[in-house]
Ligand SMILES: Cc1cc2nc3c(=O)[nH]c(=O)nc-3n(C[C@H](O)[C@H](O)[C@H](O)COP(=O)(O)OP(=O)(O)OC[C@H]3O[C@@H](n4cnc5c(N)ncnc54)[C@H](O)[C@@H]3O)c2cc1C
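Below you'll find only one chain, the form predicted on its own, shown as structure tokens.
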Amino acid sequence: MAGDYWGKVRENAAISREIYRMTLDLPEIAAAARPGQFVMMTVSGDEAQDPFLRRPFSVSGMDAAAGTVSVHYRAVGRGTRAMARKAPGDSLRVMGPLGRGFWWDRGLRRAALVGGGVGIAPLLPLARALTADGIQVGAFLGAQNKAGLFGADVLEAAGCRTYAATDDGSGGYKGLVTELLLKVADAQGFFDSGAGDVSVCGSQGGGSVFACGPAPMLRVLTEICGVRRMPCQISMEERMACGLGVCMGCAVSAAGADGVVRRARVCGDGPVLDGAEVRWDG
């Protein structure tokens, strides 16, 4: 169950020219969080509460033994720039863990993780959990440039084969991460045994795709997986005001098992959704 806590900053540092990692002492959230869940954080930490609204951040790491939770972010707006100025010992208000995370069953044998930009963040704890279950994992990381890439060290330490793509070619493959996925996956036959019931992760072919990133990337990925009949879970990035499903500001169109299109709340019904259910055209 989610709670509202004060988290003391243990670390807040730039890990590249664009990406920061913040680690906070949050033992309750560290013990309860699952891969794919998120937290809502104040970014000022002061009584003025400016900016007023909290910001959603994917949990990129949780250590129950140490009682810590980590998030990765880009300091691009007023709120995240204020967040980047926080020093060890400062405190921020944090609500979580929130939302529905990734899921998989015992039939899953191999997985492709696809992350774009800061969407790489929730895939880090997912990779650790999957490999701990004996699942073979390949991770595909995409960004505009090399400075936007992160997490390869964490993924490789977990036992993942890691691939990178950048729009400008400054790191890894030059082009879209979805293009790189197709090249590698087709060469390795990843999609070959994907035929079957795509509504249940890994129930037939033993493989699945898990992803987080910008909407255009996720849309292309769900189309690829639809054609190849491969299960695909996507963690959606949407603006949120409450994080609790009350304001409906983060709703997207999705079709349920009955085929009826409804408004799904990314904060409550997601952020992880079955990619086959999302209706990109509203």
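Note that residue numbering follows the sequence shown and begins at 1. Given the structure is predicted, the values throughout are model-derived calculations rather than measurements.
The form predicted together with the named molecule is left out here; the points below concern that form.
Task: the named molecule in the predicted bound form: contacted by all of Leu180, Val227 and Pro231, heavy atom 4.5 Å - done: Not one of the three qualifies.
- [ ] Note which of Gly172, Gly79, Gly206, Gly138 lies within 4.5 Å of the named molecule in the predicted bound form, where distance is taken over heavy atoms; exactly one does.
- [x] By the 4.5 Å heavy-atom cutoff, the listed residue in contact is Gly79.
Task: Segment that reaches the named molecule in the predicted bound form - one of 113 to 121, 88 to 96, 160 to 168, 130 to 138, heavy atoms within 4.5 Å - done: Going through the listed ranges, the match is 113 to 121.
Open item on the list: Can you work out whether Ser58 and the named molecule are in contact in the predicted bound form, taking contact to mean some heavy atom pair no more than 4.5 Å apart?
Closed with: Residue-level check for Ser58: yes, a contact with the named molecule.
TODO: Give a yes/no on whether Ala255 approaches the named molecule to within 4.5 Å in the predicted bound form, heavy atoms considered.
DONE: Ala255 lies outside the contact set for the named molecule.
Open item on the list: Whether Leu53 contacts the named molecule in the predicted bound form should be assessed with a 4.5 Å heavy atom distance threshold; does it?
Closed with: Heavy-atom contact with the named molecule at 4.5 Å: present for Leu53.
Open item on the list: Whether Glu238 contacts the named molecule in the predicted bound form should be assessed with a 4.5 Å heavy atom distance threshold; does it?
Closed with: Answer yes; at least one heavy atom of Glu238 falls within 4.5 Å of the named molecule in the predicted bound form.
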